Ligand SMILES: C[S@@+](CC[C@H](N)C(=O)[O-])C[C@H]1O[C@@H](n2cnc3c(N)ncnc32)[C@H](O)[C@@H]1O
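Only one chain is included here, represented as structure tokens and corresponding to the form predicted on its own.
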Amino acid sequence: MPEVTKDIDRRWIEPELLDILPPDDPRAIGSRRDLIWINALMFQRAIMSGLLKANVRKRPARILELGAGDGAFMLSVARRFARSWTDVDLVMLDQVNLISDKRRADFAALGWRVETVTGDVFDWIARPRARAYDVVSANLFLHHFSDAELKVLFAALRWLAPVFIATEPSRNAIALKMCSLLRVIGVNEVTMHDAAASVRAGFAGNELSSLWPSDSGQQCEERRIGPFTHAFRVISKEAFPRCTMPLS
């Protein structure tokens, strides 16, 4: 395993423990609970909400979330749109279905209907389908994949929706050093390992834009927001009016 002080000029991808542990392992349960705090410390909810507000022109009818986890993050985002976004169909894709009945009820209270899809994202995107969503989102998901895998993923995503938004770890020295301080808030050993691993696998500069199909005719933009987050958004021509990255 690379040291925390390892040079981070290039991406370093390694397995994250939460992806290996059984979903009902106490360490995995604890780490998913830690992620709620980490998302809060990274301001991921505010950043994702700001990106959606700035780049989605009207109330979306169908949203696809990649790497949905237990649904806690998207629920926190949905609550920010409680008054303006109702009657929404949300498709949540992940390798394991962790969406509880309580979580479904919480979404239903906002007027959001949840459909879960369990399986490998590459198997799922390989199935032919028309552009069926108004927006596709991903939070702390893309960094799990190599550049070659991301090219395959992006080649399929280009057809799925006019708007794609991702909030990922920013690969920088400050973020990496801050990982060692997470123990102060009581995170477990799984989270300690995975936090540093995710930063080393994170993004900088225009790394994601360079992997999006160059002939798509879509507009890509990405940049660091704050010390911890790398934001990436892709907009099709029909969604161009309001195409700005918020939260500078």
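Being a predicted model, the structure only gives us computed values, none of them experimental. We number the residues from 1 along the sequence you see.
Below: the form predicted together with this ligand, not depicted.
Checklist entry - Of the listed stretches (79-87, 172-180, 143-151, 107-115), which one has a non-hydrogen atom within 4.5 Å of this ligand in the predicted complex? => result Only one stretch passes the 4.5 Å heavy-atom test: 143-151.
Item to check | Heavy atom of residue 188 within 4.5 Å of this ligand in the predicted complex | outcome: Looking in the predicted complex, residue contacts with this ligand do not include residue 188, since no heavy atom lies within 4.5 Å.
Item to check | Residue contact check: residue 39 to this ligand in the predicted complex, 4.5 Å heavy atom | outcome: Output for residue 39 is yes: heavy atoms within 4.5 Å of this ligand.
Next on the checklist: residue 201 versus this ligand, in the predicted complex: is there a non-hydrogen atom within 4.5 Å?
Outcome noted: Close contact is absent here: in the predicted complex, residue 201 is far from this ligand, nothing within 4.5 Å, heavy atoms only.
Checklist entry - Within a 4.5 Å heavy atom cut-off, is residue 19 in contact with this ligand in the predicted complex? => result Judged by the heavy-atom cut-off of 4.5 Å, residue 19 is in contact with this ligand in the predicted complex.
Next on the checklist: Exactly one residue in 193, 57, 32, 62 has a non-hydrogen atom within 4.5 Å of this ligand in the predicted complex; which is it?
Outcome noted: The residue in contact is 32.
Checklist entry - Ok, 96, 125, 160, 91: which has a heavy atom sitting within 4.5 Å of this ligand in the predicted complex? => result The residue in contact is 96.
Checklist entry - Quick one: which residues from 52-91 get a non-hydrogen atom within 4.5 Å of this ligand in the predicted complex? => result Heavy-atom contacts within 4.5 Å come from 65, 67, 68, 69, 73.
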